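Shown next as structure tokens: one chain only, the form predicted alone.
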Amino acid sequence: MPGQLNEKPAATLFRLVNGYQVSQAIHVAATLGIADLLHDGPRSAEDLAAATNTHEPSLYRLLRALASVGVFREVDGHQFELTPVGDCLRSDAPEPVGPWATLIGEAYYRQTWGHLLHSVRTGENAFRALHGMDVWTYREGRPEAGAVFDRAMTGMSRRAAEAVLAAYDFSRFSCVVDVAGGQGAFLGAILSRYPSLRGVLFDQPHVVAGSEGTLSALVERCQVVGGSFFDAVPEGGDAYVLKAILHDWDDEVATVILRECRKAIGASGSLLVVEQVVGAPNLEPATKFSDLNMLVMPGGRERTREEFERLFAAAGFRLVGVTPTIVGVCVVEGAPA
């Protein structure tokens, strides 16, 4: 992250060190739904406080701080309006970031990142060390936390889908199986773009149970299957998509998942892994900080092209190519070896 124009090195470092304050402030604004309230035009801090049941002087302090970093814009009379950046916090934004902002400010999320030092010293997963269980078990036992996570993943899928569809051609396929596809936002976008395609949404039963609204208009072309990718993956597809799945796991577990896909896929099928790919040194901070997030939260990792190549080979695939998109994720394509 380069410093701002004419910024002294110490000032740059202070700004980076205090970055958590900005993310937490955005989390609060996202949780309160401020961007939705500003969708129709400027409103005063007093009006916004009444609509959100918050303390008006304190809300004003929050909003003016976020206006100073470009999330909102303060205008006359303690009124605020959206900027293009803040517009991405709207619940119906074309590229929604609000659900992610809500997730990363959750107390358990912050606490886990507070144990990054433990992971760096030991190589162990910070979440398990702190909470005594993996993050999936934690969320499964806390439906509210699980719902916040599901909304965040749906928002990320919507954002990634447009970029992937702009960069990658799915027209040669007849049936796409979205492995661990959540509530169907990504698969739904693919099927909507390609009317001749059929799809299979596959995830844990309690996850796909929330897919009705997302896939209601596509029910005739989309089958919803509940299960675990550790047991078996549905057969019959000629494209198997794993979006933001393998980075949740270490190489050993990721290989198990890919081997189940290998059992299901035909000899001429395609494996499409949609994830960030770690690039050259000193560049792409988003990918490299996402890698740290994988270290502390689920215990996985982001991977280089060479690491994907080795992972694919261990599971019976060969890497065919990597297609980048404008939002940082890539389509890492494999074929049966």
Ligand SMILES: C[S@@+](CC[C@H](N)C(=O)[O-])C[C@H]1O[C@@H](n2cnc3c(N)ncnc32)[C@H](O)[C@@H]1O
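In case it trips you up, residue 1 is the first one in the sequence shown, and so on. For clarity, every value in this text was computed on a predicted model and none was experimentally measured.
Omitted here: the form predicted in complex with this ligand. The next part is about that form.
Taking 153, 200, 103, 264 one by one, only a single residue has any non-hydrogen atom within 4.5 Å of this ligand in the predicted complex, and it is 153.
Just one of 245, 224, 165, 93 comes within 4.5 Å of this ligand in the predicted complex, counting any heavy atom, and that one is 245.
This ligand is not shown here, but in the predicted complex it comes within 4.5 Å of a heavy atom of residue 157. None of the heavy atoms of residue 138 is located within 4.5 Å of this ligand in the predicted complex. At the 4.5 Å threshold, heavy atoms of residue 216 stay clear of this ligand in the predicted complex, well away from it. The closest heavy atom approach of residue 173 to this ligand in the predicted complex falls outside 4.5 Å. Partner proximity in the predicted complex, defined as non-hydrogen atoms within 4.5 angstroms of this ligand, places exactly one of 83-91, 109-117, 175-183, 125-133 at the interface: 175-183. Of all the residues from 221-235, those having a non-hydrogen atom no more than 4.5 Å from this ligand in the predicted complex are 227, 228, 229, 230.
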